[in-house]
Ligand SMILES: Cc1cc2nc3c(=O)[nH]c(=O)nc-3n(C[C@H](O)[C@H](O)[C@H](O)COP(=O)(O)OP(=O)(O)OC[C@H]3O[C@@H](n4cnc5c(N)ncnc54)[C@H](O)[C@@H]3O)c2cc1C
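Coming up is one lone chain in structure tokens, specifically the form predicted alone.
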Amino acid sequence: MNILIVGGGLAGMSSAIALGEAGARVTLIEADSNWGALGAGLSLNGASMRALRELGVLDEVERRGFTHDVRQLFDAEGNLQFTSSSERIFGPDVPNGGAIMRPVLHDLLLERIEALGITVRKGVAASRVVDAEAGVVELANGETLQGDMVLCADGFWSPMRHQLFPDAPASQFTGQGCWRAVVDRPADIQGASTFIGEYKVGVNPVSQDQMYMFLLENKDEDEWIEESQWLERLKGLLSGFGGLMAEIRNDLGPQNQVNYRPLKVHVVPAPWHKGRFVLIGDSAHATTPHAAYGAGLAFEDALCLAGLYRANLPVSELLERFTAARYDKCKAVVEGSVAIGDIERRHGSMDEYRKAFEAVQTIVRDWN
């Protein structure tokens, strides 16, 4: 079977790996001629680590990123409130969590793609679905490509989704914005650490020397913030924190790659396929970072498709089974993550927050 993948983000790259290993003939097209990954750190939960093991890249993630088994919860002054169990719940060889710089993860996935001999075409943008039943797409340069199956992995804003499902509900703002930065890692930060004050702030090591920091700001409206304001706005939001967060605030500068984005979610109603085209990853289901699971859901989409491919099913049945296998879990993760954000917005109790987080983790532990 010839499989065409539109988009070279995490969903597209992991699908290329999983389907390539399953024996499919895969072509991946990416619109950006300078294909790479932007952004700061990426937090990964244990289920994401389990999926990375199945993709054959967990060893490299552990080597180039940072993995851990313990999660800690602190108040705004840095007083410890809760430490999770260090028992590995996804298997003895699977860490409970970790983080990695997005460009580093991109590079190691690309190395795996190249090792598998998968065809990659950079600077090639899909512009129009010509025939959904035949799997034909037109490129921006006028060329047409055909796949026995076409994976739409073109991300949150997915032009392919808008063509295939023009009536799909629009993404919804959750009432929070996420600030991110990359900062130096103190030696005593050995895992994911969350600080609850007026806002939720967290740090997660991405290497031996650095860690990824985030702050979730509660907002009534989806506000546009100029990039030139990002650094000072983040420093102001951290002013109510003491301890480690105060130290980080005092040292923040242009070198810390501060960025901001509003949190928006969507889950496209089933089915996720039309003809031979299917939505995967953020094009089908975009969640918030509360469960550190957006990337993990994309990895699992890839592995689910590869498993169904190995069953030698007709394309129509394969795609029907894919949505059936993935829809309920992805929807539950999105809704659970939004629920955690709602607790943060109304300043719910630490116990309420912990119970909501654990409820999402129960969903996360299931493979499908």
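So that there is no doubt, residue numbering starts at 1 and follows the sequence shown. Worth saying up front: this structure is predicted, and the values here are computed from it rather than measured.
One more form of this protein exists, namely the form predicted together with the ligand; it is left out here, but the text below deals with it.
Colleague: Check E30 for me: does it contact the ligand in the model of the complex (non-hydrogen atoms, 4.5 angstroms)?
Modeller: Result yes; E30 sits at the interface with the ligand in the model of the complex.
Colleague: Applying a 4.5 Å heavy atom distance criterion, does I118 contact the ligand in the model of the complex?
Modeller: No, I118 sits far enough from the ligand in the model of the complex that none of its heavy atoms falls within 4.5 Å.
Colleague: Closest heavy atom of R180 to the ligand in the model of the complex, within 4.5 Å or not?
Modeller: Looking in the model of the complex, residue contacts with the ligand include R180, since a heavy atom lies within 4.5 Å.
Colleague: At 4.5 Å between heavy atoms, is A76 in contact with the ligand in the model of the complex?
Modeller: A76: no, not in contact with the ligand in the model of the complex.
Colleague: Which one, 223-231, 188-196, 238-246, 287-295, holds residues whose non-hydrogen atoms are within 4.5 Å of the ligand in the model of the complex?
Modeller: Heavy-atom contact with the partner occurs in 287-295.
Colleague: Check each of V267, V124, V129, L108 and return the one that places a heavy atom within 4.5 angstroms of the ligand in the model of the complex.
Modeller: Flagged contact: V124.
Colleague: Would you kindly say which of R102, R112, K219, K274 lies with a heavy atom within 4.5 Å of the ligand in the model of the complex?
Modeller: Filtering the options by heavy-atom distance leaves R102.
Colleague: Does anything in 65-98 come within 4.5 Å of the ligand in the model of the complex by heavy atoms, and if so which residues, in order?
Modeller: Counting only heavy atoms within 4.5 Å of the ligand in the model of the complex, no residue of 65-98 makes contact.
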